[in-house]
Structures are given as C-alpha cells and as structure tokens.
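Below you'll find only one chain, the form predicted alone, shown as structure tokens.
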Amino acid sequence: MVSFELLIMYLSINRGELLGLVGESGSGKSSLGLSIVRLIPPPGRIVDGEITFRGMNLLKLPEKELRNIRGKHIGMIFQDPLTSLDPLRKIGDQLVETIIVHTRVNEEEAKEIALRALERVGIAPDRFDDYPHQLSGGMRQRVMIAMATMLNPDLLIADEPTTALDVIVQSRIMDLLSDLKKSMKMAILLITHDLALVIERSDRVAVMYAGELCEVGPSEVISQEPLHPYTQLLLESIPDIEKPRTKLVYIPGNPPDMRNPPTGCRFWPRCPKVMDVCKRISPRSLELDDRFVRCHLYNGGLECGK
C-alpha cells in the first residue's frame, strides 16, 4: 500500500484498487503524482509531509535507493508519450534498457520480457524496432503502459493517459488499465480532469482544487451524493446525452493564482454556498462514514487545520 499526506488530508491507495484523482487544470494533480516519486521539477520542492510506500518513507530515502524503486516498484505513465519517449532510439531498446537497469538479466532475456510486455498491451512484435514517431498516439501510449508495467510494479501512476486520444482509443486504454489492475493486483492512481471517466472506471475518487484535496470517497457514493460544493458543480457540468437538450452548466470564475491563493477555503470565491467563515478559516478534514471532506458546511467552521 502507498499512502501520503498532502495539504491537510490523508490519502491511501490499496493493492488492486484504482483511485481517480480529478480536478480542473492547474489544481495540482500532476504535482501530487510527481511528488510520490520525487520528480517535482525545480524550483518546485517538497516542503514537508510523509509518503509511505511498502513501509518506507520515500521522502527520507537517498536518491540511489529511490532510483531502484522508480520503474521497478512504482511505474509512471507521463502525460505526453511522444515527449516521454526518446525520439532517437527504438522503442524496443528503451524497454530493454529499463529492464537491464532494474533486473539481473542479460540482453536476450530482457528482450523477451519487453516483447511479452508489448504483446500484453496489444503491440505486435514487428514494431519492436520502430521509433516513436512511427507509432500512432494510441500505440505510443500503449508503449508507455508496457514500459511502466513490465516489471510488475506495486503502484502505477497514470497521468492523463487518455489525453488527446479519440474516444475509441480512450476506452481501449482504460480497458487495458482495468485488466492490468485485476491480473497483476496493481494499485493505480489515475490522474485526469475527466470526472465522468473517473466515476465510471475508478473504485474511489479524490477531488482536488487549488492544491487541496477537498473530498475523497467511493466513486458510486460520490456520484450519487457529493458533499463538497466543488464536487457538486463538477458533476452538474457533465453533459447528459439521455436528458432533453438543456443549457450546459459551468463553474463561474477561474481557479485562483497559486502564488497568492485566497485565505480560508480556497474555493470560496466561486462557491454558491459560501459563508463568512469560509473567507477567514481553512476548513478541517472530516471523516464521514467511508469518505473525507473539507468544508465548513459539515464542521460549522469551528476548527481549522488537520
């Protein structure tokens, strides 16, 4: 199990579980994912907290030990597979190199592992010597999934794995991730701005706004009874093709400038249920049944902090 405490709320991912992390662009989703493997680009840095993985605090590990965990025990699918893959090297060579770095196998054995990984994601063996630009967007994404999962990691961080793909390819990618989760008992953190996708595919949902986790709980429960006003507005903004033609709902205003976020609750400038206390005091995290929420509607604004 991997767990981490970030911005007030505790979050955990269990083996064989898909946790969907959702929020508007710029809410901090990718930063959270990169924080787990300590790949935050400078000048960004991790100031405090704890990231627990297999009983180890990843923030305390030397870089050399952390490199052994990245790629082998924690796999990551980055947002843009074209820029994540080396354009000057064949995809097979990149897969083989990753295997050799993390295991004690020779090049021939590494190639066999790489070919099996490509086959598992639907890439034919004759594409082993192709360069990234010779593959379609969906195939490049499958190569990234193969690279991230070929050593059977305990945790897979998938950062926008379906962005810029058509709906058919998106569905196939998500089917593939679901199959890997079941067959390999893998924990998956799915980072996306597509709440409809998360509700449909994930076991639990974590909703993020302006660098803060505001609600976490089972997908079915949150889809039926969202607690946080931000979650409610996100769900209302999803078009429903089964309903008569109606005006699309949107969230008014824009996300805050993270260099100077609002005091108190960060969502209050856009919240239809804002109270005076929201502007002054940051709400604490409350555990309600099987989920967490950070909102003064549920704690009366009496406390702040954890």
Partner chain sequence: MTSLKVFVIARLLLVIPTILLLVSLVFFIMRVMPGDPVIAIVGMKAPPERILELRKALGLVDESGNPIPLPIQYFNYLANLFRGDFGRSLIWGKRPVLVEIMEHLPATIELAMAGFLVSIILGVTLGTIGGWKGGKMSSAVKIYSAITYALFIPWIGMMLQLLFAVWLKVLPVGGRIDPGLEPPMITGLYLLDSILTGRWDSFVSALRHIILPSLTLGLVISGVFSRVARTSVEEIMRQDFVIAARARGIPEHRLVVHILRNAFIPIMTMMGLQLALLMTGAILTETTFSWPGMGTSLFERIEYRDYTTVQGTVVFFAIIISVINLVVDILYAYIDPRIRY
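Residue numbers count along the first chain shown, from 1. Not measured: the values here are computed from a predicted model.
This protein has a second form, the form predicted in complex with its partner chain, left out of what is shown; the following refers to that one.
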Note to self: Within 4.5 Å, heavy atoms only, which of Thr98, Thr192, Ser202, Thr231 is in contact with its partner chain in the model of the complex?
What the structure shows: Thr98
Next item on the list: Only one of Gly211, Gly71, Gly92, Gly138 comes within 4.5 Å of its partner chain in the model of the complex by heavy atoms, so just point that one out.
Entry: Gly71
Note to self: So, a 4.5 angstroms cut-off on heavy atom distances: do all three of Ile113, Arg120 and Ser178 pass it with respect to its partner chain in the model of the complex?
What the structure shows: no
Check: When its partner chain is placed as it is in the model of the complex, which of 215-223, 180-188, 165-173, 71-79 ends up with heavy atoms within 4.5 Å of it?
Finding: 71-79
Notebook entry, point to check: Going by a heavy atom distance of 4.5 Å, is Leu88 a contact of its partner chain in the model of the complex?
Noted result: yes
Next item on the list: May I ask you to state whether Met56 is within 4.5 Å of its partner chain in the model of the complex, using heavy atom distances?
Entry: no
Check: Can any non-hydrogen atom of Leu34 be found within 4.5 angstroms of its partner chain in the model of the complex?
Finding: yes
Check: Do Met147 and its partner chain come within 4.5 Å of each other in the model of the complex, heavy atoms counted?
Finding: yes
